[in-house]
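One chain comes next, on its own, written as structure tokens: the form predicted alone.
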Amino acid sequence: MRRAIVALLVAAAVGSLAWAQVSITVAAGNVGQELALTKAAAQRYMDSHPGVTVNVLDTPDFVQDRLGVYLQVFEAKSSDVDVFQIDVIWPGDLAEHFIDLNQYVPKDVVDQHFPAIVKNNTVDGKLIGLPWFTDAGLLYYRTDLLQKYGFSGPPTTWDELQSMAKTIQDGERAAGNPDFWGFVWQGNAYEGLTCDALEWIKSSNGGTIISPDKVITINNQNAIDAVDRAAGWVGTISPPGVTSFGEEDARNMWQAGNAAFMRNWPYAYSLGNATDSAIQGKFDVSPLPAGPGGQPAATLGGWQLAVSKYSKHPDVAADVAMFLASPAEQKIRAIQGSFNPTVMSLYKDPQVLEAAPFFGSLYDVFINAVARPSTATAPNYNEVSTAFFNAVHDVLTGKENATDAMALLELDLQDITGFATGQP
């Protein structure tokens, strides 16, 4: 079924352009303004390269769904897709399907990007993906409502967030908005929940699920307490349906003016300030809160551009990838879509900082974001993450208590990885 979907998508994208001298297809995301911005960039490339047609292929929003589509393309060793937008967690798992971009991208171009991301994208000395944009989880908050209810600033602890969210929620409902909630986030059973839950746990001194030195640490009291705390939000300060929310579900509720706080990625900033947004000019962003005795933690996200080793035109595909990830194109994406650049110099660009001031004020959040254990667990990260988010989701939905869920998860992770267990 999935293979048929891939065939239809590719046919739709390239079927009418078979006469192009060289045709390159880019598999891209569609969260927020991603697709529109990528299509606009593809057109700019074509304007300056009249012998090349660049087709932009829309892919599923949820990471697991997108990965499933990609794996079908790789299994078939298909040349239909040349450039893949890949998650920061995938280079180790998918390296065998991509060319070494070091062959095509000059070192001085690579060196423009954050070294940590380049290192993440390098597998056995091969540059698997060219950094395109980076991400870290942020807390969005309604500045007007904090002022209305007497709060001097955003919460710095999860307990403060819970208290403030409840106060604002009760007040807004009493004022005539029964659809108002205190806090929205990503609670569906998918990679987004892995990101959210890692932030709850890491900020509560509960570790990072599996440590960089390959020790399973998830079964500890701080992690259990953090997941229990989040389960208590469901139906109280967060809608019961939050356990089916992805990024766009949370953003849509928030942007409609029906939430006091939201956890999301930077892309939601420019959309929230659009002219058709109910909250334009009424919100700001801050680091996420922390648990007792902990420090704020933001999960590292972001996407790269990788070139398929099955491409018929790897040199052209690499050139397209280099163009899309160039400083000029990243600047456009930063200004128009608040997508965090991976080109370091853009964090000092006045036009970028005017469009997204938090790129400067929260710079430390982005460069110190917490990585998921994808490197330590490659090539089994997807299995590890799936086991983790399913266990957390079972707690959020009341199917399991956190103590038992983390103990069972520890056993599952041992089966998947063969790693020892320990404390963070």
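These figures come from a predicted structure and were not determined experimentally. When you see a residue number, it is the position in the sequence shown, counting from 1.
Quick note: we don't show the form predicted in complex with alpha-D-glucopyranose, though the next part is all about it.
- Proximity of Pro131 to alpha-D-glucopyranose in the predicted complex: non-hydrogen atoms within 4.5 Å are absent; the residue sits far from the partner.
- alpha-D-glucopyranose is not drawn, but in the predicted complex it has no heavy atom within 4.5 Å of Asp349.
- None of the heavy atoms of Asp82 is located within 4.5 Å of alpha-D-glucopyranose in the predicted complex.
- When alpha-D-glucopyranose is considered in the predicted complex, Tyr190 lines it closely, a heavy atom lying within 4.5 Å.
- Between the options Asp93, Asp225, Asp135, Glu329, the residue in contact with alpha-D-glucopyranose in the predicted complex by a heavy atom within 4.5 angstroms is Asp135.
- The partner is absent here; in the predicted complex, the one residue of Phe98, Trp200, Phe261, Trp265 having a heavy atom within 4.5 Å of alpha-D-glucopyranose is Trp265.
- Only one segment in the set 252-260, 272-280, 297-305, 234-242 has residues whose heavy atoms sit within 4.5 Å of alpha-D-glucopyranose in the predicted complex; it is 297-305.
- Along 361-375, one residue reaches a heavy atom to within 4.5 Å of alpha-D-glucopyranose in the predicted complex: Arg372.
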